[in-house]
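Take a look at this single chain in structure tokens; it is the form predicted on its own.
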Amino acid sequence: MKKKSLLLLITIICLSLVLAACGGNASNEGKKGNEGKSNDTTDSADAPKPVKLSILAWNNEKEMKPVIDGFKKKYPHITFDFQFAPPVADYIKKLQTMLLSDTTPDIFMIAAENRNEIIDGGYALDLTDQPFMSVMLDSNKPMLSKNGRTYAFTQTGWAGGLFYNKQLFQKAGINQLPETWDEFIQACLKLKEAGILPLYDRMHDITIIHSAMFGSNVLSKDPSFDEKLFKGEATFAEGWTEVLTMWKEGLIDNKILTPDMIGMTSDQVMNEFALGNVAMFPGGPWNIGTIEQTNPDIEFEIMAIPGKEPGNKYFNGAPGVGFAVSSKTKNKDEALLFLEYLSTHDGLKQFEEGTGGIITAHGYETKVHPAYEPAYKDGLMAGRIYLPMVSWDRHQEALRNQFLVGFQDIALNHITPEEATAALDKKLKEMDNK
């Protein structure tokens, strides 16, 4: 009996030990399970929350796809509500509607045409001190800045100049490009003597020639002239009279440009050049493909407009539109991440691939057509480009129209350059007093 009791006791002890061990294991497993659960919870908390950024662009979705895909690959938690409106009027109108209806997208574009409205209205974040802004060329900043602060990031630009036919220049005995305005006029006269039409310009707007001449003659000496002009410290007469006088005496009085050109279309001018019927015409990168399609054998290149003094050469041109972040965005960090990505080598490459834009950013060399290299290297990357409507502080459209009337009247010998610039000063005062 005692033997049975002892055996029972041993069995109970063994079972207790086993159960205790099992309990311990269960406890440990439970602890492990809780630890695992706790870690999962921590990971989930650390994981970035999904964010949808709204963006309004004037590049369409197909053009923007490479850069958006590249961004999403790096930040998979961020998706896009993408909206597109074609430039310029449709885009400006759509953005204006969104601004006034409090439906401003997180990211939108600032152009020369709406920069004052956006910046003065406080609709865009000040990006001046963001680290990625160091990639942006200093020459690209004024168009997107006010009072020394910059409100959008742009990584592109464009430049226009004079395309010239190398074969026709050689035929006229012109072996070197002109270094001064006088040499340029002499080259035009030499082409005329050889029976070659020197230049077509349809004179429908503030022309590439006018803009570049102002850069060569005025901005090369005083880069802040336009700032002084709109502060009342300078006048159109002081800045533009000599430019318009040089233009009239060189091109109009020598009948290199004639009033009948005012009625020509852009396509007419370009086709005449491509067919070898005229030695030069003002144009930009948008013309190159058509010229080559029209005449694959043509040898041509773009050149700057020289100034009165040697070494002062300028192109017409401006920065590309800039990406801005809404001052009311609820996704500020993510929107800034997108702009930061645009500034990276991968972002610049993807944007270039999708849009075909000419990248003008520090540390990135874009490949341009050989005929366009002078404009890219000596104009865009050197900051020697000028477009009045970008640089003028206010009343751009009214002043542009007055300028157009003025120089067409000069071409028709109806008024003098002095009268044209006096009318511009009068228009500025009228607009300021409204």
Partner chain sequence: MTKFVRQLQFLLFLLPILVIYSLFTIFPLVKAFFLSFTNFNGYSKVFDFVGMKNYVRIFADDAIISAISYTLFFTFAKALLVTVLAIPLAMILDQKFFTRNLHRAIFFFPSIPSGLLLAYIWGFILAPMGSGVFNTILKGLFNIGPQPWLADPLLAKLSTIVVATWAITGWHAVLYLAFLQSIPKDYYEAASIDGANRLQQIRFITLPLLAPAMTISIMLLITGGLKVFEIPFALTKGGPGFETYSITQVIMLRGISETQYGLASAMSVVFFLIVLAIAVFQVTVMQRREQSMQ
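What we label the rigid core is the largest C-alpha set whose atoms superpose within 1.5 Å from one form to the other. Positions refer to the first chain, counted from 1. None of these values were measured; they are calculated from a predicted model.
Beyond the structure shown, there is the form predicted together with its partner chain, which is absent from this document and is the topic of what follows.
Which single stretch, out of 222-230, 259-267, 156-164, 185-193, brings residue heavy atoms within 4.5 Å of its partner chain in the predicted complex? The contacting stretch here is 259-267.
What I'd like checked is whether Ile92, Tyr200 and Lys427 together line its partner chain in the predicted complex, meaning each has a non-hydrogen atom within 4.5 Å of it. Checking in the predicted complex: Ile92, Tyr200 and Lys427 are all within 4.5 Å of its partner chain.
If you check in the predicted complex, is Val405 within 4.5 Å of its partner chain, heavy atoms only? Yes.
Does at least one non-hydrogen atom of Ala398 fall within 4.5 angstroms of its partner chain in the predicted complex? Close contact exists here: in the predicted complex, Ala398 approaches its partner chain to within 4.5 Å, heavy atoms only.
So, Leu99 and its partner chain: in the predicted complex, are they within 4.5 Å at any heavy atom pair? Yes.
Heavy atoms within 4.5 Å of its partner chain in the predicted complex: does Ile415 have any? Heavy-atom contact with its partner chain at 4.5 Å: absent for Ile415.
Only one of Glu272, Asp126, Glu299, Asp346 has a non-hydrogen atom within 4.5 angstroms of its partner chain in the predicted complex; which is it? If I apply the 4.5 Å criterion carefully, the residue I get is Glu272.
Which residue, Lys146, His204, Lys72, Lys171, has a heavy atom that falls within 4.5 Å of its partner chain in the predicted complex? Checked against the cut-off, the match is His204.
Once the two forms are fit on the core, has Gly122 moved its CA by at least 2 Å between this form and the one not shown? Result for Gly122: yes, a 2 Å-plus shift.
By the 2 angstroms cut-off, has the C-alpha of Lys228 moved between this form and the one not shown once the rigid core is superposed? After core superposition, the C-alpha of Lys228 moves less than 2 Å between this form and the one not shown.
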